[in-house]
Structures are given as structure tokens and as C-alpha cells.
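Okay, so here's just one chain, in C-alpha cells, the form predicted on its own.
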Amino acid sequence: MPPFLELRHVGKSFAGVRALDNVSLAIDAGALHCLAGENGSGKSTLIKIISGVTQPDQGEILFGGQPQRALSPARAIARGVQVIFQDFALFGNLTVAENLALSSELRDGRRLVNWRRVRAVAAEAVARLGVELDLDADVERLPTSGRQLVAIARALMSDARLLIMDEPTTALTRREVETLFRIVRDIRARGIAVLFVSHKMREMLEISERITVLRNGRVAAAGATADFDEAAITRAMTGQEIAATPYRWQGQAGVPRLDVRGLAVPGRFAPIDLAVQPGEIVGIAGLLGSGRTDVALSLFGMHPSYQGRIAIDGAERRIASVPEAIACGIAYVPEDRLTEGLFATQSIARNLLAGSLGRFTRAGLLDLVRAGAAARAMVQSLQIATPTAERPVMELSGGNQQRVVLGRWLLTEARLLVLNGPTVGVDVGSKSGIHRTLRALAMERGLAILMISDDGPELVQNCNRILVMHRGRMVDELAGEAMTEAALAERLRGLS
């Protein structure tokens, strides 16, 4: 029996740049296939070709052994192809039920809405997944995991035979990932193929049966998942070995860069004590809703009614606003860089300089020469991959965008860097580069770093200590030989 979908020697160029080169891929009915690769490897272009959005320059696309000519989105959908993109493409101002029933209402040409029918259609779609969703909730108020479930339920309503999931776990906690994997396996059991697009190696190995790795638009490796391990996937994705050597702070305890005592925000987290030395990287782990982000926001002046004491380099400071936090040398890199960290349409240089314009202003006038030189120097220092600092930041890969956010705060000469999900949505090569940069800043500049992350290996490899939060309280601390991935995972499981 021929594969459900087969691509033979597909190629695609944009403005003379080769995005895909001689790519072949086969997906059987009911298969769990992982498509891996760094940002810019060609994954998105391949998805667009399979879904009919983009036409290849060469090669063949076959469904059930039958060649397809001029595949369009409508024809791809008719063949059973459904794509769940990272933004889910939902109507945020509509309810769950309305989002789920809208396609069927339009398809059937209904002119009047029967709300009983809408709820019945939505309830049936949700029941297929074996999950609970509030059908009357506005989608924009759902957590990321909830919006993803709505997107999956909607896709399955259209008689999907191939479900393409583009980076589906980027913003999910480990518990949410486990729920997603259960649903994916249930979908496979119904004979629906799943193309799971990711750059998270452990998830690839856990969920897939076959793996195809792209690098620079070519197939770098392909085969059964059993033939791969993390090192093999990393080599295929990056073309090099990336050693996982842990960072260990070697300094002597003295006056802490950050020293908080009894810090609390009523209703968000209980009083905590926390100290971070210059050059130390301290991690905070915890389940969703544990209070980690609220601690970070308090340090950055976004919870002005906090209780307790905050001291920077031994001097007690009252931080009731973001400007006051910046004046104290505190920088905050948010988890969602696109909506909270960047001016997407503005240039790299403007994004880098946004927090430090005062350094380059004299008599009320901005010294464009000095500011431009500082921005270019930061691009070079952080190895931001761009031919010019005037390029719009939205054109950069996720890893380079994250470097821009980091560079903005380094230009403010920050002394404490608070990172919330520092490598969310970043591929393995860029992730390793960001980690190297953070370690160098800690060791060479004495920058104190507070790292919040759901990525256990990231915390274990880069932190001197890991603090565990649960329901607004600090409940544990891992350090030394006790700070292992297994120990951290076990501790978090015990809190669920």
C-alpha cells in the first residue's frame, strides 16, 4: 500500500535563495512522524507546500500514490490535510462553541444560527478528544493549552487524515505536554497520521515513530526513531557536536547582588526569602500557577504593592515601577518576546536601544553616531545573525530575536537579569549559544541571573541552585550533587 502522503525530490527557492533542495518524505496512514530542524532549516516551507499554500519549483506530491498538480489549500483540505499553526488561527472574541461550529455553519450555508445545534456540534467535537472545555468561554481567555485543544478539535471535525502540528509544545508546561501526547496517540489510534514539527529532541524521541531532520533545506537524516538519540539529532540539526557541560558558580559568598526578605504579593505568592550573588545563576522551577512569574514581575516593579524588603548590592530599594527597577540595574526578559519584549516592525538597532536612549542623549539630543555604534557593537558581541542592524527584528529567527531582547538590557548596564523562559521557541543551536552567552556574562561581568524555566535540563545545566515554587511558596531547593534532572522531575511530579 502506498504512503498516505509522499514528497519526491521537492525543491523551492525564494528570490534566488534555496529554501528546500531535493527533499523527499513519506508519511503512512496512522503514522506518528516528527519533522525536526533549526529555525530556517525549511520546516515552515515544507508545511506550506504540503498544505497547498506554496507551490514547489520541482518534485512531486502524491496522495495515496496519485500525483497532485497545483495543490491548493482547498484541495489539500479535501485530501484530509489539516495544519495547526503556532498561533492556532482562532477567533479570540468568539466562544469555544462558536469557533468549533463556525466552519460547519458556513459549509452548510446556514443563514440563521441555531444555538442548540452549535452547542451540540461543539460538544461532540470536544468529546472526541476526551477533554473538558467550557463551551461558553471566550477563546482569548483560555490558556495556551486550552486554545490548542480547541484548534485540534476543530481540525478533527474536518475529516482529517493528516494532522500537522507546528511547534505544538512551545508554550506548554510538562503536564500539558503529557496531556497533548495522550491526545496525539489517541488520534493515531484512529488511523489519522500526525506530522509533529519540533526542535525539542526529548519530545521527538518520546512521541514519534519516525524522524526526518532538515538542515539548510536538505534532509540531513531520516529513519526510525529507535535509530536516533539526542546526540544524533543534534548533529543532524546543527552539523556539529554540542557538549552539555554544566555551569557551576565558583565565587565566594559576600554581599548579594539581590537580597529579598519576606517578599510577598497577597493573593499571588506568600513571603519568600531569596539571595543571588554576583556571577551566580539561580533557577526557579514550578508548575503553572506556582507564582514564579509574579516573583519576577515584583522584582521588575510591576507589582508596586508588594510587601517585604528588596536590596540591591546591600542597599535597600523600594521598586514600585519599571523605571525604578531599571534604575536599580534590574532587567527582565519576558517569556513571550513577540508581544511583551519586541517592537516587531522596528529595526534591530531601535529595539536594542529602546531601554538605554538616555545614555546617548546630550542636552536633549540623541547622539545617533554613538547610539548606532553601540547597537552594532551589541549585534557583533551577541552574534546576532543579520547583515545590518537596520533590518526589521521580525525577520530574525526566534533565537536571534531573543538575543536582541537580551542585548537591549545589556546596553542598560544591568546588574541583575531576570529571565522568564529564556529559550522558549528557540532551536537547539541557538539555545546553546544563548546559554553560552549567559554563562559568559555571569563569569566575566559578574551579572547575577535569576532563570525561570519549565525546561528541567536547561535549569540543571546552567544554574548553581534551583528553587522550587508551589502554590505561591518556595517549597524546596536543589543544589550540588542533588541537582539532577531526575531529582527535579520527581520533585515536580510530587507537586502535581
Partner chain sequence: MTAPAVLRRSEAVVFLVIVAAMLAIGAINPAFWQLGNLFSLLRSNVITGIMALGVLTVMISGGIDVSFPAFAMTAMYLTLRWMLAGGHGGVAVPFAMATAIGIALGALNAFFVHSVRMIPLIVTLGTAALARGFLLGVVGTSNINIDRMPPQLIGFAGTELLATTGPGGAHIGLTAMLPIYLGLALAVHLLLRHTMLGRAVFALGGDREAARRAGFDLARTTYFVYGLAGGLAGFAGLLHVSMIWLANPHDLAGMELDVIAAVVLGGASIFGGRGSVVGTMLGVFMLVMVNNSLIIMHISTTWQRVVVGVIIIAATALTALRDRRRAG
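Just so you know, these numbers come straight off a predicted model, no measurement behind them. Numbering follows the first chain given and starts at 1.
One more form of this protein exists, namely the form predicted together with the partner chain; it is left out here, but the text below deals with it.
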Exercise. Given that the partner is absent here, state which listed stretch (103 to 111, 159 to 167, 379 to 387, 182 to 190) has heavy atoms within 4.5 Å of the partner chain in the model of the complex.
Key: 103 to 111
Exercise. Have a look at Ala231, Leu94, Val255, Ala315 for me and say which one sits with a heavy atom within 4.5 Å of the partner chain in the model of the complex.
Key: Leu94
Quiz item: Which listed residue (Asp134, Glu206, Asp87, Glu413) meets the criterion of a heavy atom within 4.5 Å of the partner chain in the model of the complex?
Solution: Asp87
Practice problem: Consider Glu98 of the chain shown here, and say whether it contacts the partner chain in the model of the complex, taking contact as heavy atoms within 4.5 Å. | Solution: yes
Self-check item: Contact label in the model of the complex: Arg141 to the partner chain, heavy atom within 4.5 Å
Solution: yes
Quiz prompt | Closer or farther in the model of the complex: C-alpha pair Asn99, Thr339 (3 angstroms or more) | solution = farther
Quiz item: Looking in the model of the complex, are the Cα atoms of Ser290 and Asp87 closer together or farther apart than here, the change being 3 Å or more?
Solution: closer
